[in-house]
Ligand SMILES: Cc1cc2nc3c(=O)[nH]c(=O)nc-3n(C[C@H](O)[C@H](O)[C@H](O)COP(=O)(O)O)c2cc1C
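A single chain comes next, written as C-alpha cells; it is the form predicted alone.
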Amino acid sequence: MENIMEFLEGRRTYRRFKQTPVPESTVKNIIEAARCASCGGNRQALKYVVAQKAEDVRAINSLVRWAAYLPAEEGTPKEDEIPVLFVAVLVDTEISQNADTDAGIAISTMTTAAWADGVGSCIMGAIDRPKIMEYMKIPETFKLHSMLAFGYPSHKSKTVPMQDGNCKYYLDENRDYCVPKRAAEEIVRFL
C-alpha cells in the first residue's frame, strides 16, 4: 500500500513540461483508460479529441488559463514549457445532458494512466469553450467539459500542510509547486 500511496501523492497537477513527445503507446493507454472507466448506466456519453501536433497544441494553449492563484508571469508556462498533448473531454448530449461524475472518473483514470508512464497532467476548466470547440471542429451536439494538458513535468509538485485555512498553491524558491492540503482530521469523521 505504501507504493500506491507514494504513486498517488506524485500524481499531482503539473503546469510546466519538457518538450519531449509523449509516445503513441502512452497516448493509447490514456485513451484506453478513459474507455474502460466506470460510467453511470454504462451509457458511455464521454468522447475525446486528442491534439498532439505542435501547431494544434500552441493554438489550444492560447485558449486556456493556467494557475489562477499565481500571477500570469509565474503560472503560465513559457513557450518551451507548454504541454505536448491536449485531450478534450466531451459530453455527447444526445446520450446524456450531464456526465460530470463520469467525467471525473474518466479524468482521474486518464491522468493516473499517464502518470504510470511518468507523464504529468493538468485538468483545465478555465478555458475558452466556444473557441476551442470551433478550433477542434466539435459539433454542437457535444458539450466541452474540460481540457487535459499532458507532458513530462519540468518541475516538482508536492503537498504541504495548510496554514490558517489558506488553500492557495504557490511556488517555492525552486519554482516547484506547493499545494496546501487540510489535515485528515479536518476532512473526515468516523461514525
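Just so you know, these numbers come straight off a predicted model, no measurement behind them. Sequential numbering from 1, following the sequence displayed.
What follows is about the form predicted in complex with the named molecule, which we do not show.
- 67 is the sole member of 39, 33, 136, 67 with a non-hydrogen atom within 4.5 Å of the named molecule in the predicted complex.
- Comment: the named molecule is not present in this chain, but in the predicted complex one of 132, 124, 57, 45 has a heavy atom within 4.5 Å of it, namely 124.
- Heavy atoms within 4.5 Å of the named molecule in the predicted complex map, among the stretches 25-33, 136-144, 45-53, 59-67, onto 59-67 alone.
- Using a 4.5 angstroms limit between non-hydrogen atoms, residue 13 touches the named molecule in the predicted complex.
- Using a 4.5 angstroms limit between non-hydrogen atoms, residue 182 is distant from the named molecule in the predicted complex.
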